[in-house]
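Shown below, as structure tokens, is a lone chain in the form predicted on its own; questions about how it binds or moves come after it.
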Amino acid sequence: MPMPSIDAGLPLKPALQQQTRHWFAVRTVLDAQQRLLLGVGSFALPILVWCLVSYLPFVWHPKMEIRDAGGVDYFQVGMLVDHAQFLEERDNMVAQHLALPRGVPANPIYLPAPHEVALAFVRAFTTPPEQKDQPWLHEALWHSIQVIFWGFLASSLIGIPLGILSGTYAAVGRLNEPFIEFFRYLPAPAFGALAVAVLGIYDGPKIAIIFIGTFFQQVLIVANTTRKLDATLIEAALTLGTRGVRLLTRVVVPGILPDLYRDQRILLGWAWTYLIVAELIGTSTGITFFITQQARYQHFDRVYAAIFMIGVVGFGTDLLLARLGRRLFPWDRSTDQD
């Protein structure tokens, strides 16, 4: 007995309609409001946990902030001590009939509260650095952005064409990819000393580390993306006599352009992950110098502010690129979920 055909024009069954409207249904397509709410929730939940840890002492406050030293000679107002140490000293004062110390539960200095980080974020742009030779936060960040830009640009100018050639021509791929597969397992920071010896102690080795960290991955990812191009398109082009450069520029590149654009967005995020290590090579510069200097003086609220600034710039850049991608490739449905 033949199976009944499915009429695409028939309405969905109620159960199926209910499933497609459910937020967590498999492969469901979220509407704009759902995406907005879930996107806000992805940030709100970690911030909520941070607030609970910061503002509710019974959740996690392993230290005591001294408000009154009492009879303890080495306690100072504002000093942070462990709970056990505080209780021990208080018992000692009871035994010696001396004034008892007073304190309130507190978190360690390396975990500032959200409002402290927010204030540090604002002060970083409004208050001059403590030392005259130190850069402002925005100056340090701009320097880091330039390092990222030049390193990733050099990687893309070489990596994208090589990846497209490797994915299009099997001989080119076989010639390049075995060595690239081997080289991509070598940690980029291991070349720091060599980069300094060759390129000096300033921005040259930092750009080189960004290049090494992204180039070899880029070639392999672009080659894999190129191989996913529908083979019938290439066969049709070859049948019509398209060869060489025209095959690449008229068929291959236009066919993979949306996926290639998405690959570059992901790889740009990888470039940011190498930034901190890269800027430690040679002379410390950029946002890394700002972070290490603030950590040295135990200004951890400013450290968090600088780290969050990196996230804001990186995430903001990705959002702009995603919006640009929807404009450039309106036919690509996969960009609807970006």
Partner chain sequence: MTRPPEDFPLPDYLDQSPAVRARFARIRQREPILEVRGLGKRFHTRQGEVEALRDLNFAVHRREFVCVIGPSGCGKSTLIRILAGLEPHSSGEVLLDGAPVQGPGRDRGMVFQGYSLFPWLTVKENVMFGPEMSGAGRDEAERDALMWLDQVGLTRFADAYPHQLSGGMRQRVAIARALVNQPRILLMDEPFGALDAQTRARMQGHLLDIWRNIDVTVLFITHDLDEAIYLADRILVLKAHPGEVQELIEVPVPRPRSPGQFASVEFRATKARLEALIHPPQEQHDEARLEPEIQPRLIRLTNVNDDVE
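This structure is a prediction, so every number in the text was calculated from the model and none was measured. Residue numbers count along the first chain shown, from 1.
Missing here is the form predicted in complex with its partner chain; even so, the following discussion is about that form.
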- Message: Give me the residue from Leu111, Ala237, Leu80, Ala118 that has a heavy atom within 4.5 Å of its partner chain in the predicted bound form.
- Response: Ala237
- Query: From the list Leu175, Leu157, Ala193, Leu233, which entry has a heavy atom within 4.5 Å of its partner chain in the predicted bound form?
  - Reply: Leu233
- Query: Of these, 238-246, 149-157, 122-130, 205-213, which stretch puts a heavy atom within 4.5 angstroms of its partner chain in the predicted bound form?
  - Reply: 238-246
- Item | Contact label in the predicted bound form: Gly255 to its partner chain, heavy atom within 4.5 Å | yes
- Item | Contact label in the predicted bound form: Ala106 to its partner chain, heavy atom within 4.5 Å | no
- Is His138 one of the residues lying within 4.5 Å of its partner chain in the predicted bound form, judged by heavy atom distances? no
- Touches its partner chain in the predicted bound form: Arg250 (any heavy atom, 4.5 Å): yes
